[in-house]
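Shown next as structure tokens: one chain only, the form predicted on its own.
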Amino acid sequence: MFKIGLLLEYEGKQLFKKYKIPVVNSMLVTNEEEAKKASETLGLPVAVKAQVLSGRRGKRGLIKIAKTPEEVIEYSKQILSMESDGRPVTHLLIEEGADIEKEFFISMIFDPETYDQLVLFSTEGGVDIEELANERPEAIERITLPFNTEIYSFHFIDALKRRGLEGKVLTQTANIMATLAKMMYTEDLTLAEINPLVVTKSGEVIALDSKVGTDDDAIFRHPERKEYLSEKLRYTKEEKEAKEKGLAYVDLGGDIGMLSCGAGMGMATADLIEYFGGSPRNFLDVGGGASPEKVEEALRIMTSVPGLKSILINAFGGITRLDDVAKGIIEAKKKYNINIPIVIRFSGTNQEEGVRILKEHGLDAYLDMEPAIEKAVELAKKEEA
């Protein structure tokens, strides 16, 4: 299974430029004065676009069209004062305007089961493609390309003709799709999407946006990506710390801190928290064979995040020794003065010794998973009330 890392729009467009996919001119800035200078260079009107790792920017006010220097400054200030997924907006792309006649949508992904390449195309670009897929799936053309096949523009001609494309627009769009498909292989991408791909009134076909996902496991072939801005922005402070300590931590935004021994256990726990009406704050996996020090460090990182109302530790001991997990819990509780209610479930290797250690320090452990999760949800709701 892929580990996916999304690129920022401007980084995706740098890849497009490398492969000669047409894009409009743009400049990356960090404040309103730089934005104003960029607009003077590019010429008005310009699009002021937040560089964030989440979609639907237009609907959230993170993209605005500025027609005057005053609007460039006003919109830049507005967007730079906003947040996206709990992270502040720090960078803007100032992009020259395009004289748009039509908008298309192209998306390419790998099927993780077969590794075939799935290509989606619609002549209704610039809209919420998920809504379009649900409400009018017939508006989307689907093309499957077998793994490791040489891709050429003629592979797409018939499908594009069915959608009414012809002449120069047909050939340009087919060329862009063939280039994207090749880019997927050579750049180790998991996703390459353009929404919208626009046709200008002069008949040029241009990528007006980019959504590019990379395979993190292939980063050794692309070491330059370690220095990408997206690599720095995609992690919260806690996620960065956890990564450095060899822990898997993902911020989920809820109020129940969750620690598991094993990724599968963690995902099942998160699902059950929601099933019982709670909201997980994080995914945090200490992995198999976790030492007391690793458990202690995991709890330090988890409890450094404000807003936790309860903590759930769901530990199944396979190669992990539950007495080691218990020692890590006790040490973290002492060292970091953790007063948040803790619910523990132990099952597996050295379970009896782990439970004994917990009891010596006034803690207990559930042996079954569901009652423990229900209790953690109950405690979180009690704290909320």
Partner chain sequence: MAILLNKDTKVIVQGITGYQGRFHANKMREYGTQVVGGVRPGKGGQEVDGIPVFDSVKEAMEKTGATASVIFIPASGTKSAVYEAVEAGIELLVVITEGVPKLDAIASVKKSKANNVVMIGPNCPGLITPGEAKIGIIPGNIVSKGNVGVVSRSGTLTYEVLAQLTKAGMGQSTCVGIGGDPFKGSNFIDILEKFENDPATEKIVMIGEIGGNAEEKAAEYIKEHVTKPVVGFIAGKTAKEGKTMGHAGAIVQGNVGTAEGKIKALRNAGVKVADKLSDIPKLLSE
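Numbering follows the first chain given and starts at 1. Bear in mind the structure is a predicted one, so any value in this text is a computation, not a measurement. Basically, rigid core = biggest C-alpha set you can superpose within 1.5 Å across the two forms.
What follows is about the form predicted together with its partner chain, which we do not show.
> Among 59-67, 332-340, 316-324, 31-39, which stretch sits within 4.5 Å of its partner chain in the predicted complex, heavy atoms only?
Contact criterion met by 316-324 only.
> Can all three of Glu83, Ala174 and Tyr228 be found with a heavy atom no more than 4.5 Å from its partner chain in the predicted complex?
Looking in the predicted complex, the three residues Glu83, Ala174 and Tyr228 all stay beyond 4.5 Å of its partner chain (heavy atoms).
> Should Gly277 be counted as a contact of its partner chain in the predicted complex, where contact means heavy atoms within 4.5 Å?
No, no contact at 4.5 Å.
> Can you check whether Phe154 is within 4.5 Å of its partner chain in the predicted complex, heavy atom basis?
Because no heavy atom of Phe154 falls inside 4.5 Å of its partner chain in the predicted complex, the answer is no.
> Taking its partner chain as it sits in the predicted complex, is Asp364 in contact with it (heavy atom to heavy atom, 4.5 Å or less)?
Output for Asp364 is no: heavy atoms all beyond 4.5 Å of its partner chain.
> Contact between Gly126 and its partner chain in the predicted complex at 4.5 Å, heavy atoms?
Looking in the predicted complex, residue contacts with its partner chain do not include Gly126, since no heavy atom lies within 4.5 Å.
> Going by heavy atom distances of 4.5 angstroms or less, which of Pro223, Gly307, Gly164, Pro112 would be at the interface with its partner chain in the predicted complex?
None of the other options qualify; the answer is Pro112.
> Could you spot which one of Pro292, Gly254, Gly262, Pro196 gets a heavy atom to within 4.5 Å of its partner chain in the predicted complex?
The residue in contact is Gly262.
> For the stretch 114-142, I need every residue with any heavy atom inside 4.5 Å of its partner chain in the predicted complex, listed N to C.
If the 4.5 Å heavy-atom criterion is applied to its partner chain in the predicted complex, 114-142 yields Thr114, Tyr115, Asp116, Leu118, Leu120, Ile129, Glu130, Ala133, Ile140, Arg142.
> Following rigid core alignment, is the displacement of the Val29 C-alpha between the shown form and the other one equal to or greater than 2 angstroms?
Stays below the 2 Å threshold, so no.
> Fitting the rigid core first, would the Cα of Gly55 be found 2 Å or more away between the shown form and the other one?
No: Gly55 shifts by under 2 Å between the shown form and the other one.
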